[in-house]
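The chain below stands alone and is given in structure tokens; this is the form predicted on its own.
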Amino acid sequence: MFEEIFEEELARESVFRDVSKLLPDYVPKVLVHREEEFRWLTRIFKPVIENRTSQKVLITGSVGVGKTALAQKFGEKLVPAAKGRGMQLDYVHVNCRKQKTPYAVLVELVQHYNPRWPCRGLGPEKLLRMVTDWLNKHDGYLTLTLDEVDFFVQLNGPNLIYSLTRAVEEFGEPNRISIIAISRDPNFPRLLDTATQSTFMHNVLALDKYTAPQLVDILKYRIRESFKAGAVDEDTVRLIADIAARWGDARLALELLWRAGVLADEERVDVVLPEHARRAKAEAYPEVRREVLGELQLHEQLLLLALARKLKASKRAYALTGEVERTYRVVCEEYGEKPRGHTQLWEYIKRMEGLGIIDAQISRRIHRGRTQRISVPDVPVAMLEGELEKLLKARE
């Protein structure tokens, strides 16, 4: 029986072409909307290659803005560029949330050069000395990225950062270590001593949150890499981008895209639709607040039910206010209520948007008046329809 299940699952068609291209650790060939930041890093590190100097850089930004991918992509290009100019340079990327102690960070660094080196019983100073000795002996240089360094310093204090930035002064040798520090907290340097603060003050790269249009571009690029042609509906892309744009988070956008694809596969359909994205959002980050729905006025509930039904029937991510208004009149007739006027409905929409139940945007297309596109980003519309019907029945 299990062999049959196994073979059946292997034979099933999927919307995915290469799902690995959506995983968090994957670094794409192109970092969409991070070209200028990559150019900035290249300018900063130009003296490292040309003059054999060192640099200290701080990259800051919130979750999902591409800090890690930018550093990894830069390291990937930096090493061969240095080699082509006769320079032996290594790039090492250390996640300080995984390597939580100075000892663990330095052991990873030491073992990059020689996994057989014995590290037990050695203190941080001795381990750092082993690294600098190797670099001097082989005329090598190192660019070390300390990812999530703010977490590390809060846990351990600033001594390791100080030692890394002052290794040359302590040992009286050429400065061969450059550092890229990655921090979510833009005020991270305040955690350091005054002398170490000064090493990062002049080279700070603050990454802005992604906008919805930028997230659309990022998603489209990843879709070409990971999905079969035509497998993701255009409205689905825009809806996911709008959801993730609240936080400017590309990581969230890619996670929702992956989850939506999985849901499409579970249903054995060949296109990822907006409802899959809503379900993905609800399952990953549930925000169905029944108490908020229950506190809505009667006609707010009726209007929201009309929106849910319109989106469910159309299978689109958005509905125009005129479309929702027409469906609302039908819903009012069903429940024996007199429809409210256009101005009052506009007030309902603004209030529900303020409560975070819906998203409303001015339509990009040319329409008369104040036509808006309305979406329900956080919950499957079929589920919302069911909840509202229960609440309306209870009112009766």
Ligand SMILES: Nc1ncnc2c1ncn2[C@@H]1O[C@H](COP(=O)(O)OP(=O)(O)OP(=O)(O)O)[C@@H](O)[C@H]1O
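Here the structure is a predicted model, which means the values were calculated and not measured. Note that residue numbering follows the sequence shown and begins at 1.
One more form of this protein, predicted in complex with the ligand, exists but is not displayed; see below.
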| property | result |
| --- | --- |
| Single option in 26, 38, 346, 335 placed near the ligand in the predicted complex, where near means a heavy atom within 4.5 Å | 26 |
| Contact residue in the predicted complex, chosen from 300, 148, 233, 242 - any heavy atom within 4.5 Å of the ligand | 148 |
| Answer range among 354-362, 324-332, 65-73, 49-57 for contact with the ligand, defined in the predicted complex as heavy atoms within 4.5 Å | 65-73 |
| The ligand contact at residue 254 in the predicted complex, heavy atom, 4.5 Å | yes |
| Exercise: residue 44 in contact with the ligand in the predicted complex, heavy atom 4.5 Å | no |
| Heavy atom of residue 222 within 4.5 Å of the ligand in the predicted complex | yes |
| Any non-hydrogen atom of residue 218 within 4.5 angstroms of the ligand in the predicted complex | yes |
| Contacts with the ligand in the predicted complex - residues in 25-44 whose heavy atoms fall within 4.5 Å | 26, 28, 30, 31, 32, 34 |
